[in-house]
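A single chain, nothing else alongside it, follows as structure tokens in the form predicted alone.
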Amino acid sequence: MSRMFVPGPVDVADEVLQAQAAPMLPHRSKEFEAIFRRASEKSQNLFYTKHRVFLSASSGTGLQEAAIRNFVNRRVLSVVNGAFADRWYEVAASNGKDVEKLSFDWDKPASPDLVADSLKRGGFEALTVVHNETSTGLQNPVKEIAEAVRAAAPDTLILVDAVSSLGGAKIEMDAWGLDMVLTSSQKCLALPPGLALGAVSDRAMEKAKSVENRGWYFDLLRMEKHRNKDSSPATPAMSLIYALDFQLDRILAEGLENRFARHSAMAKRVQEWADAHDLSMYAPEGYRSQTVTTIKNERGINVSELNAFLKQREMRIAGGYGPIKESTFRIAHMGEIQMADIEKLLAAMEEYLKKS
């Protein structure tokens, strides 16, 4: 069996792929509406929320844009310490918002205190922050950031990108007081690309009522009106909804806590292997991702040659991303990946290093 140790799109189980092959239904039919509602309700477990979960025919970036268009009239603060946090900043800027970037070094977590200091200046309607940076393998302390935001600026909405962590790491939306958490299908949920899930709080939906020019496709008030009728404004990605409905049963059967523990154990194993081979982590201790490990390429490994070697064994890893593309490489351990798969990969990498 081939395995991709890349941070999305990830491998999809055969039975999940087959779930997409169910016959089409009229998307306004009672039969499909029942599936749509069931998938949305089961998704709430992933977010640890009682709030609504929107199912969008888009990538996670689509819901980044939805968050900006629905919850920000003018001012937003974007916490940036990686490529996808920077993308959210660019999304806000391209939508004409007055967006301020609060930057941190990419190999450092965002500081709750500095976030609070920025918000104390007032006027920010929302904060954007990435929970798990796919580019750096760094997990930001979102729970602590949210606590700081509520103390410094309680009216500021807290918007969280959990694209590469939801379903692989525990994110308690309601307990942490988050207003929107968004993710994509093709990472920890181990589904094909093309579906985004977004959980949204009641107070964020109330805020949206006062925001002008929300657009049409990503107008969450329009989506909510249809969601309450177990539907969507435009044709949904029906095959992906079938697969989501099926995959959520598999995820919940494994047990969320078991799933988180599996991801965490794989991350620890990869980190230990790197340490044993004089390679260090890009992210600091205590803030390392459970789903993707970014390793400094201090040994000058030719990642293209390594991947050519691994592909002969039906495996592949990922190179670095953005400004750290040449100085790092990434090993993802999310979705369907098991510890036995990690051991097989590390043994193959060991073989390559001995040859090179």
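As the structure is a computational prediction, the values presented were derived from the model and not from experiment. Residue indices: 1-based, along the sequence shown.
Keep in mind that the form predicted in complex with a small molecule is missing from the display, and what follows is about it.
J.: Looking at 134, 140, 78, 247, which is the one with a non-hydrogen atom within 4.5 Å of the small molecule in the predicted bound form?
T.: Filtering the options by heavy-atom distance leaves 134.
J.: Exactly one residue in 149, 159, 163, 110 has a non-hydrogen atom within 4.5 Å of the small molecule in the predicted bound form; which is it?
T.: Answer to the contact question: 163.
J.: With heavy atoms only and a cut-off of 4.5 Å, decide whether residue 84 touches the small molecule in the predicted bound form.
T.: Although the small molecule is absent here, residue 84 would touch it in the predicted bound form, with heavy atoms inside 4.5 Å.
J.: Residue-level question: is residue 64 within 4.5 Å of the small molecule in the predicted bound form, judged on heavy atoms?
T.: Within the cut-off, so yes.
J.: Give a yes or no for residue 130: in the predicted bound form, does one of its heavy atoms lie within 4.5 Å of a heavy atom belonging to the small molecule?
T.: Looking in the predicted bound form, residue contacts with the small molecule include residue 130, since a heavy atom lies within 4.5 Å.
J.: Check residue 59 for me: does it contact the small molecule in the predicted bound form (non-hydrogen atoms, 4.5 angstroms)?
T.: Residue 59 belongs to the contact set for the small molecule.
J.: Going by heavy atoms within 4.5 Å, which of 277-285, 230-238, 183-191, 215-223 lines up against the small molecule in the predicted bound form?
T.: Selected stretch: 183-191.
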